[in-house]
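Quick setup: one chain, the form predicted alone, written in structure tokens, and binding and motion questions come after.
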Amino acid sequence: MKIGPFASLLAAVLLAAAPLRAQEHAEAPASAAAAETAQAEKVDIITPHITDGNHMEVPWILPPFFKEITLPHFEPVHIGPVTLDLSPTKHVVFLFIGAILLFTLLTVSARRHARATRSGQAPKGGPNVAEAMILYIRNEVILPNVGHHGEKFVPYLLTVFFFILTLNLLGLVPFGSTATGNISVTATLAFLTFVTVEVAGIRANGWGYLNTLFYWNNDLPVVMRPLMFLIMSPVEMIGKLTKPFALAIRLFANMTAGHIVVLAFVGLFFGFAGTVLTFSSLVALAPITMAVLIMVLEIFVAFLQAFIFTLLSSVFIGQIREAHH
């Protein structure tokens, strides 16, 4: 019996939706009101999947082939008036998984590429794909936008691209979770880019870096210079903050929105499946077909958002390095 490509995609979506059934963390309700609340929480399959938490689902050998586990909890660390909870969460776990997976794949690809080069052969397979992606991002995205002597920024920007791409793709695999759908993760990535941009500006411009903070136009009449200084300096400072804010919100919103749409269609599928005779009904297949198409689009979006984050980071670095011109 042959299984067509649509059936394969359908099976993948249903497998990815399997953990949606494992959303109960509370004990049995003791009252009717509590039962209604528990029922409302039970049918909410979207929010628990896209938000962070101390529970995560893993594959299991026994039906229903998944198991929910509770992550360990550590005692909070107190630093003066600040209390830090360093307990791992679902997104933290996938941050480590993404980092380990990326380090392993790129290290293996680099060694295989070096081995092929020493033997006088062209790299094949994974190393060839990695080399093509690295060269494209370096030569067509980073260097043209960062500007002259931009080689020192290539390692950071390549790391950002591949790390975001890995996290985005991990959210599309069964039992996976999209860490870039967490505003804390995207805000941290944006903050790192913000620090890189400002340090690059200070090193490139020296004292001229102050012109990116305080507006002073020598071409204006003398009377207008202080007035424009008072008006435009706050605008310049706000502009510095809007860039990392835009980076964080764009990545967070795009990765979250796609998963919400997919989960909504999967929820409609199970809803219609309970009211019709068979799963082959067109009514039930319509939302799952849309979910499959959105999943395919999400693969493209995963690459696109990593590309855009890297492109904008390169542009911001290049702009501030050339601020004195």
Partner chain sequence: MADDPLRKPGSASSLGAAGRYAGLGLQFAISIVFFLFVGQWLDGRFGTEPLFLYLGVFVGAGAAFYSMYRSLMADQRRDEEQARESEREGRGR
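Every value quoted in this text rests on a predicted model; they were computed, and no experiment measured them. Throughout, rigid core stands for the largest set of C-alpha atoms superposing within 1.5 Å between the two forms. Residue numbers count along the first chain shown, from 1.
Here the subject shifts to the form predicted together with its partner chain, a form of this protein not shown in this document.
Enquirer: Residues in which of 199 to 207, 141 to 149, 178 to 186, 83 to 91 have heavy atoms within 4.5 Å of its partner chain in the model of the complex?
Expert: Every other range fails; the passing one is 141 to 149.
Enquirer: Flag Thr242 as yes or no: does it have a non-hydrogen atom within 4.5 angstroms of any non-hydrogen atom of its partner chain in the model of the complex?
Expert: Output for Thr242 is yes: heavy atoms within 4.5 Å of its partner chain.
Enquirer: Even though the partner isn't displayed, in the model of the complex is Thr104 close enough to its partner chain, meaning a heavy atom within 4.5 Å?
Expert: Although its partner chain is absent here, Thr104 would stay clear of it in the model of the complex, with no heavy atoms inside 4.5 Å.
Enquirer: With the partner left out of view, is Met228 within 4.5 angstroms of its partner chain in the model of the complex by any non-hydrogen atom?
Expert: Flag for Met228 set to yes.
Enquirer: With the partner left out here, check for me: in the model of the complex, does some heavy atom of Tyr215 sit within 4.5 Å of its partner chain?
Expert: Yes, Tyr215 is a contact residue.
Enquirer: In the model of the complex, which of the listed residues (Leu71, Val108, Val235, Val173) lies with a heavy atom within 4.5 Å of its partner chain?
Expert: None of the others qualify; the residue that does is Val235.
Enquirer: Which residues within 296 to 313 place at least one heavy atom within 4.5 Å of its partner chain in the model of the complex?
Expert: Counting only heavy atoms within 4.5 Å of its partner chain in the model of the complex, the contacting residues of 296 to 313 are Phe307, Ile308, Leu311, Leu312.
Enquirer: For Asn217, state whether the C-alpha moves by 2 Å or more between the shown form and the other one after rigid core superposition.
Expert: It does, since the Asn217 C-alpha is displaced 2 Å or more between the shown form and the other one after the core fit.
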